[in-house]
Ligand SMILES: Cc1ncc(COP(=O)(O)O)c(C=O)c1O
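Shown next as structure tokens: one chain only, the form predicted alone.
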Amino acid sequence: MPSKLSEEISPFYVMEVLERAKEIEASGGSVIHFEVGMPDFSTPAVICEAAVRAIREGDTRYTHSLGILELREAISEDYENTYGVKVSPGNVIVTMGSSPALFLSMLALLDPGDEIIITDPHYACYPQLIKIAGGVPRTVRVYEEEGYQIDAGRLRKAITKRTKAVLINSPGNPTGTLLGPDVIRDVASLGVPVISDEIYHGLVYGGEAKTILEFTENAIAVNGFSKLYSMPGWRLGYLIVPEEFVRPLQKLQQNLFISPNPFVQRAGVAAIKHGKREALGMVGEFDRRRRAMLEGLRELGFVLGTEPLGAFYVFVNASGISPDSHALAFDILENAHVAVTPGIDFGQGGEGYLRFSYAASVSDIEEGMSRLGKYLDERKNKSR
């Protein structure tokens, strides 16, 4: 019999949308993909060449469980150059993607029944990762009319004796929100460890992303290469942690994952040292797509209470069309062949919303908006 945990864990709805979209495509249909947060650019050649060179040189064996020193040094230098924060390479742990990094951090913090506070809405997998690690997710609402900024007063009221960390994400998924420095400072001042998911750092179109390490040492910073360097399939991430967590996390890594892939780590070094210019070019194109998506949604009558300034998502209130975001997303997919993510994937605070990813070409965005417009017109006509 399957375990109770595996039976009760919530599905990742964005993947179910993607899988149904692939079925439609396999049967000859054409789907516009706004559901997945996956860059559509090719990984820069300089990164690929570093991996190929490492494989040809036989760099295909286990590495140190913390990751190769050259990559940990490059990450340390990158944080100092970008944020002015000094990070010892000894406090960097390389992982097989940022999701394993998040999971490892939770395993290192949580005893059964302990709590981690997350916002609502939030990245869909946060509650599931906390539960798998034996913890309990507690939520604090953030609101569109407040720019999805975290209210320190609400957050303080949610803290209990079982609270082991507050998990923040800026730029955020699903909202594209960039937390203000005063907000991050308030969170850091509460005396509770902070896990900061910084995977969308670098993808900012106004303002500036701040690492939690600028405000406190009582924190774990999580980052990776998937988004900024267009490396989602490479599965390369990392943690920056206080000294007391290095050895516990190392033991967890040894037992769960052994070590990250060696040639992928070499690619990570190349990304940091030689891939920045191309990454910035991709950021410029994402901004162009962001503006095209915002214009298209507004022309369709959607009201955007807050404009996303980071990542590659627009979170749209669609409750005027249907309060059931799951049913609406799949109805749009089946009838308009446009794939979007239901807001319920991101918590009760996301119900009634749809998430649109602009990790798609401008031409696809224009075609998707056209299909969505026809769908909305037909829906209105049926309701008359």
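Note that the structure is a prediction, hence the values are computed from the model and not measured. Heads up: residue numbers just count along the shown sequence, starting at 1.
Here the subject shifts to the form predicted together with the ligand, a form of this protein not shown in this document.
- Screening S99, T211, T216, N261 for any heavy atom within 4.5 Å of the ligand in the model of the complex leaves a single hit, S99.
- Checking R266, K227, R72, R290 for any heavy atom within 4.5 Å of the ligand in the model of the complex turns up a single hit: K227.
- The stretch in contact with the ligand in the model of the complex, judged by heavy atoms within 4.5 Å, is 168 to 176, chosen from 153 to 161, 168 to 176, 134 to 142, 76 to 84.
- Heavy atoms of K276 never reach within 4.5 Å of the ligand in the model of the complex, leaving it off the interface.
- Though the partner is left out of this view, Y123 does reach within 4.5 Å of the ligand in the model of the complex, counting heavy atoms only.
- Put simply, Y200 is close to the ligand in the model of the complex: some heavy atom of it is within 4.5 Å.
- Contact annotation: G352 falls outside 4.5 Å of the ligand in the model of the complex, judged by heavy atom distances.
- Contacts with the ligand in the model of the complex, taken as any heavy atom within 4.5 Å, map within 35 to 53 to G37 alone.
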